[in-house]
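The chain below stands alone and is given as structure tokens, in the form predicted alone.
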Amino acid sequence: MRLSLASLGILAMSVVAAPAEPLPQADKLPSIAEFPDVLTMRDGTKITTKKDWEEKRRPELKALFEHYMYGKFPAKPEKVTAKVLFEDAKALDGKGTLREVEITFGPPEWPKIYLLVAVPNGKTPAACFVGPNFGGNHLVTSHNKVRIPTVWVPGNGPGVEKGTNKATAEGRGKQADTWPLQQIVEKGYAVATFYCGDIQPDRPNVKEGMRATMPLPPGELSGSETATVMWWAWGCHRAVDFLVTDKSIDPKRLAVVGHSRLGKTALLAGAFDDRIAVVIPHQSGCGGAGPSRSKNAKAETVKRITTAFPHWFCAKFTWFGDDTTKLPFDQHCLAAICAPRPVLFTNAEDDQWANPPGQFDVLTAAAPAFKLYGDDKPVAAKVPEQGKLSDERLGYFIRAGKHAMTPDDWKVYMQFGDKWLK
């Protein structure tokens, strides 16, 4: 079965307008020691209304994040098509229908997304969690019809051939706890996931994936190219293109989820696509929900992350490794772009590298944008105790344990969904 999503009335996503004048290099930017005020324009204009936020400050912030951090936000493809590769209506012990969908959005040589979708039987249209996974859909289920990736995969994944970075059937179901499909559908939710490497394999300096498809326009300076985290977020949007046409999915109740670097992806994807109703970056740290202006000595820094993983961000972000006070924004501004849609930051106590206390500061600093929409108390007054969900519109949760995405974390996501995805 092949569907033309373009013919089904998908709205084109807005492309962020370029600033009226060239943005300065880091040494020409003012030094701002604390978080920049989310409601103050670069020219000093104070934003006091929802209208001015949506028409002036929000587009300005998007343009700043593109220019200095994540690179260009690619336009929505003119045509997106979907082909169902298989469907099993008796999957997950009969509790759900499992299907895998091939999503095409460009010329034949372009990458494709392979979206694994699990839907609860008899409870549709369902709210749906969507997000990328680290090594392939076959890792999250042992179903033998689920496709095994043919592109490069990380060498540390289960069932990966040593030295070749090729996935094999030996990995089937070996990471099912990270996306516990049956647990999710039994709660009445749908879930959709794809391998992030379908869009862009997670390695630098190789011309592959979407990086190989779009050269810089003539005259464009290097450093402006779309970075890997932005490509992954763009991939989430292509998954949404399909989900909003799937009759078993409620298009107004979509939540984006991701862990670690894919948590960075989830936050960016939510900020740049209003079709996503709830945004859940899990343990996303620096470059995601963690502030660049960190006060946590144990947290990852901009200097460290841009040195170790330069391909995740555009080259201009390296300008700020030695002086983050020059950044004209911080991550509270990315959370604020999501307003008024609910955002949940989830963390673990032993994972200080992801900066849990700094993430709560980010939520607090984003709150003024949410207040413009009439929510006077969008964030808790203080960090909730360990193991207790703060389910305000800007939600927060921290548990014991380490850096991982677990079935217990999914219980928290769904608890937050029970409130905000009604």
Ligand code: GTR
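Owing to the predicted nature of the structure, the values given are computational and were not obtained by experimental measurement. The first residue of the sequence shown is number 1, and the count goes up from there.
There is another form of the same protein, the form predicted together with ligand GTR; it is not shown, and what comes next is about it.
The contact residue chosen from Phe309, Phe329, Trp319, Trp152 relative to ligand GTR in the predicted bound form is Phe309, the criterion being a non-hydrogen atom within 4.5 angstroms. Of the candidates Ser260, Thr178, Asn165, Gln352, Ser260 is the one whose heavy atoms come within 4.5 Å of ligand GTR in the predicted bound form; the others do not. The candidate stretches are 250-258, 100-108, 236-244, 296-304, and the one lying within 4.5 Å of ligand GTR in the predicted bound form by heavy atoms is 296-304. Interface membership of Lys264, defined by any non-hydrogen atom within 4.5 Å of ligand GTR in the predicted bound form, is confirmed. The closest non-hydrogen atom of Phe134 lies within 4.5 Å of ligand GTR in the predicted bound form. Although the partner is absent here, His403 lies within 4.5 Å of ligand GTR in the predicted bound form, judged by heavy atoms.
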